[in-house]
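Just one chain is shown here, as structure tokens, and it is the form predicted on its own.
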Amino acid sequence: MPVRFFYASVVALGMGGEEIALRLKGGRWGWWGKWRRIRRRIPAAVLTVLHHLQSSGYQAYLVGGAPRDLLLGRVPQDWDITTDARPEQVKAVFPRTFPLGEKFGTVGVLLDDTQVEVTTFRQEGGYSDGRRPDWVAFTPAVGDDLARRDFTINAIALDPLGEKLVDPYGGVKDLKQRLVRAVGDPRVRFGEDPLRMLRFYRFQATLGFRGETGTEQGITAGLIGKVSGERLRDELTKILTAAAPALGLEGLARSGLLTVILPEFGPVWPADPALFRHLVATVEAIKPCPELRWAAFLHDLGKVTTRRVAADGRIHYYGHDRVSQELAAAILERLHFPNTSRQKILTLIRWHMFAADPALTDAALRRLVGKVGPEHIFDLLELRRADIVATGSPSYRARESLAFLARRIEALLAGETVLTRKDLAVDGHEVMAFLALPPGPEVGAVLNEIFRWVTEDPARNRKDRILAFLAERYRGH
């Protein structure tokens, strides 16, 4: 759809013309909307903070993602206000405040039940640790504050009350052109905080924008080693769950960031572009849940090392689900995933090649649910569906089979009480006592055998019947 841009006039604000303000005029702005429409999307508490600061004689603007999203017609998730008022002056304006980092100029303002962050215009020194500035100095000029931002589309200051934009780096033009471009020298910006290299691709994935070539050329993939696993995990998750994840993932691969962060992808990219495209397509086909998107991206990692060509020329990947699980486990551990998320992702990967046969017996379905867990079984079906879609081949019959299995599993779950070993009428201690077994793996093997026997007929799940089964099965004990 073509974008109709708004009319604007340029007003110099001093600073040798380095700062400009764009005052929006009336007329047909297309999807950009009018100022009143922008104000309507801003919470009353945020407008009140802006008003109190300005009426007290200070400058006050929305910065960061809020101006970008408002100009794109979106509802921002975060509201950051910047001002020339120092922290102590901000606290003097508002009766209820709380500290958030006054050393860095940030004060929290409480209005009723709403918290709003207000930060003083500031300049920053170098980033010796690759994350935080060595020093921060307050400044009276909003342009100095915008100069430290990462990308031009995030270096816009918006005053919705005075109907003014401050845009010294052409962020409004880049929004119009759907472009992600660094503020100043990209090597400097990325050197300050290497995570910005991932943010470069995240904004492409979330906004559907393209990245500026010069900015991408400023990426030095090796710098990403300075970033903690937690920060990498969170940024990668945002890319994976974005509306257009392929834009971000393909950029990560192209730039070399992917294989530096996840060396397990080394055998996949660029050696096996078809497999990489399949993984990306699976991500795009699955629901945008973090665990599902991660499982989709990692589910076939083991195919490269398990690839075998049979005598008839057919290609097989025997055991790739187990190998993929092992590779994924190393990745999730390195990125410090929470245990619950890690276990879910690994379970889905391990069992994604289950037999999706409509003719599976009820006992086989019970055992499948027992392996995966009733809380994950439908996510496993979703991964299998996305995997099939990502092959690009006609798959309506496979999807029909999965839908049929889902209906059968729903019926089983509605009436069954034996879905995992925990549901058995005996536990490990009772098995050890009855068979005189010491603690060890043999107890687990016996419980698995009991579970298989019970799933053939859930009515068998009575203690007396199970003990009778054990007495007959293990007569020598």
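The structure presented is a predicted model; accordingly, all values stated were derived computationally and were not measured. Each residue number is its position in the shown sequence, starting from 1.
The same protein has a further form, the form predicted together with adenosine-5'-triphosphate (ATP), not shown here; the description that follows concerns it.
The shortest heavy atom separation between R149 and adenosine-5'-triphosphate (ATP) in the predicted bound form is within 4.5 Å.
Contact check for D134: every heavy atom lies farther than 4.5 Å from adenosine-5'-triphosphate (ATP) in the predicted bound form.
Looking at T106, you'd find every heavy atom of it more than 4.5 angstroms from adenosine-5'-triphosphate (ATP) in the predicted bound form. Mapping the unseen interface onto this chain, N154 counts among the residues with a heavy atom inside 4.5 Å of adenosine-5'-triphosphate (ATP) in the predicted bound form.
This chain is drawn without adenosine-5'-triphosphate (ATP); in the predicted bound form, the residue among E264, D80, D379, D144 with a heavy atom within 4.5 Å of it is D80. Think of it this way: in the predicted bound form, adenosine-5'-triphosphate (ATP) has a heavy atom of just one of D159, D193, E216, D387 within 4.5 Å, and the residue is D193.
For adenosine-5'-triphosphate (ATP) in the predicted bound form, the listed stretch (202-210, 318-326, 368-376, 348-356) containing residues with heavy atoms inside 4.5 Å is 202-210. In the predicted bound form, G64, G65, R68, D69, Q77, D78, D80 are the residues of 55-85 with at least one heavy atom within 4.5 Å of adenosine-5'-triphosphate (ATP), listed from first to last.
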